[in-house]
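As structure tokens, one chain now follows by itself in the form predicted on its own.
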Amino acid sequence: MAGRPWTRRRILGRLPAACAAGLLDIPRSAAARRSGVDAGPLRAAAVAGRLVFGAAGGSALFGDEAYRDLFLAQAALLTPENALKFDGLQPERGRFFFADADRLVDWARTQGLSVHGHTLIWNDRLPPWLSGLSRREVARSFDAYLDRVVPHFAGRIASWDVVNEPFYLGGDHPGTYRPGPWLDALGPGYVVRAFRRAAELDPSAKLVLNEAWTERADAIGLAVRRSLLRLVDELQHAGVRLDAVGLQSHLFPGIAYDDGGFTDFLHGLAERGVTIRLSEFDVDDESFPDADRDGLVARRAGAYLRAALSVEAVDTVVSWGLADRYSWWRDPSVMAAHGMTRLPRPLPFDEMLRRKPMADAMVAAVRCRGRNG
């Protein structure tokens, strides 16, 4: 495996003894019963660990009955994967299209699932018409979009990613603000503006700041961590309500990581009084050999979760899909962009909806937290 491995001493020093003893003994699915791991639903294990477990989902929940049944058995929360993004809700200037999002949100609520809204403001996934506007018109569109969307879903969406990925993730200046029309029109203050407006429009919804790449221990990840902590401080200093921080948790084992250092970062967030969500959890397996891809994915997922869940402020884990066949990693454009030569296997269930070692590793991690709470 490429990249710097997690520091075992640091992690073991932070975990309860019962968790540390089993850190490297993530079971295979075939051996789950022999190892004593309860192979029950992820949602039930999460409850025992004082967590909410959810998953991202979309139209597949209507077109694949078996997948829908799996989702309802495993998840307590739904994050609509694409239905609530700007380019889907307002593809034409002045016209909103809520039918697909309404269908998904209302279905989830009838099934007893909590709904997390992803995402209100992001400098990506924007319709072409926005690029032709003046800065003043972009600012008006920013406010008008929030004014229409947030009240439309008020009472039906429990929490929102108010701002997604505010920081630049690559190049020579990681950790600076991500470029895009909102930043161009409003400057960095667009983040405060979005949170203030969302809080006024739906006082009952929890407001979340969602960010990527903080799990990695290279220059990009460390820069984004520093910037995110600084932004949390700025929001709180401005008197803005910030209920939670979402950390996407797309794990890249081929890139340097250090779960102990990441845990330090989580403690820094917790000290600021926000709860923490692992909001888009999956594992890129491209760097793993064919012989034991699923086992290595489980090992990485389990180690990460055991470290992260040692921080009590972490209260939600959301996988970005449940089964490999519906992973965003399998989009041909995503695979091409990352130079992938095999179909990715990043999720707890495979393309045939069969349970994988990753699911057992996740159960072991959350039950470990439950036993030592």
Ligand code: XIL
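From 1 onward, residues are counted along the sequence shown. Since the structure is predicted, the reported quantities are computational estimates derived from the model, not experimental observations.
Here the subject shifts to the form predicted together with this ligand, a form of this protein not shown in this document.
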**OP:** Mark residue 299 yes when one of its heavy atoms lies within 4.5 Å of a heavy atom of this ligand in the predicted complex, and no otherwise.
**Re:** no
Original post:
Quick one: is residue 328 in contact with this ligand in the predicted complex, heavy atoms, 4.5 Å cut-off?
Top reply: yes
Original post:
So in the predicted complex, does any heavy atom of residue 125 sit within 4.5 Å of this ligand?
Top reply: yes
Original post:
Is there a non-hydrogen atom of residue 249 within 4.5 angstroms of a non-hydrogen atom of this ligand in the predicted complex?
Top reply: no
Original post:
Can you pick the one in 202, 81, 285, 258 that has a heavy atom within 4.5 Å of this ligand in the predicted complex?
Top reply: 81
Subject >> Heavy atom within 4.5 Å of this ligand in the predicted complex - residue from 159, 214, 141, 164 >> reply: 164
Original post:
Taking the partner as it appears in the predicted complex, which of 287-295, 192-200, 81-89, 126-134 has residues with heavy atoms within 4.5 Å of this ligand?
Top reply: 81-89
Original post:
Using a 4.5 Å cut-off on heavy atoms, what residues in 293-320 are near this ligand in the predicted complex?
Top reply: 320
